[in-house]
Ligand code: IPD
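Heads up, the chain below is alone and in the form predicted on its own; it's given as C-alpha cells.
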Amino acid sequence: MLHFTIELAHRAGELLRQGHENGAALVHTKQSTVDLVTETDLASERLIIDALRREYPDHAIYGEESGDVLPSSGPVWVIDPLDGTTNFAHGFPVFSVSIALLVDSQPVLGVIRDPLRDDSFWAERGQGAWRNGQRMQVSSTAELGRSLLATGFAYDRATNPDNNLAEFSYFMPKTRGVRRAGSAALDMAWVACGWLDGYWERGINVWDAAAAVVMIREAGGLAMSYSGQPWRPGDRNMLASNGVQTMHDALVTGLRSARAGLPSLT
C-alpha cells in the first residue's frame, strides 16, 4: 500500500511539474478571489481518484475538490491533488501533492511529493518517517529565540478577525524567522525532517494536514490542535512542533498570548 501511494504521488507530481512548465490555466475561483482551482488541480485529482478506485474499490475517498462529508469509520483516502494552488497559478515554485490514509479517523499513512525539488516524504504509523529513503528526524531546537517557524493564512483572512495576524506578529520578533511558503503539507513535512522547528495555522483542512501528521509523529514531533489535544480530522487549527518540551511549551504559550484579545477562539 505504501509503495503504491508513493508511486501514485510521483505520477500526480509529474503532472503538476508539467503544468508548472506549461503555465497554469485557471478554471475558477471558489469562495473568494484568493481561493483558486486550476485545470491541473482537477487533472491531478482525476488521476489520483481513478487509481485509488481501481486499486481499493471498497475504500472511501475524500479530497479538497471532491467529497462532502468525511467518513468517520473505515479506510478513507484523503487527498490534496495540488496543495499550494495560489503559488501554482502564479508560477511560484512551491506546491505539492498530499495523499493520506485514515483508518477510523486516525492517520496511518501519508505521502507528500514536491515535484520541483524531486522530494518525496512518506511515513507509515509505527514504521518511521522518510525523505527519499533517508530517515527523518525532527530538530532538537529547545529555545524559541533560536527557532525557525512556518505558518499560513486561511482564505477568509480578509473578513475573519481570527486571521492569524496576531499570532504572526507575536512570533516574528521572538524567533529567527517565520516563513510563509504557501503549501501547508510541505511546511509540515519540513518540520518532520528538521528544517523547521514548528508550524501553526488556523483554518486548516484535513487534506492539508493528514499526511504530514503521520510524518511529524513518526519523526518524533507533536501534532496538536490549539486546545492542546492531539490533532484529529475535523480540527481546524494545527500546532506542529519538534516535540522538545521547552520549544513546544513556548509555542503553546505564544499562541495563547497572541490570541487572548481575539473575539473568538474558533
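All residue numbers are counted from 1 along the displayed sequence. Please read these numbers as outputs of a predicted model, since none were measured by experiment.
The form predicted in complex with this ligand exists for this protein as well; it is not shown, and the discussion that follows is about that form.
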- Task: Check whether residue 183 has any heavy atom within 4.5 Å of a heavy atom of this ligand in the model of the complex, and answer yes or no.
- Result: yes
Although the partner isn't part of this model, could you tell me whether residue 147 comes within 4.5 Å of this ligand in the model of the complex, counting any heavy atom of the residue? no
Considering only heavy atoms, tell me if residue 82 and this ligand come within 4.5 Å of each other in the model of the complex. yes
- Answer for residue 152 alone: is it within 4.5 Å of this ligand in the model of the complex, judged on heavy atom distances? yes
Only one of 74 to 82, 106 to 114, 166 to 174, 124 to 132 sits within 4.5 Å of this ligand in the model of the complex by heavy atom distance, namely 74 to 82
Taking this ligand in the model of the complex and a 4.5 Å non-hydrogen atom cutoff, the residues of 197 to 216 making contact are 201, 204, 208
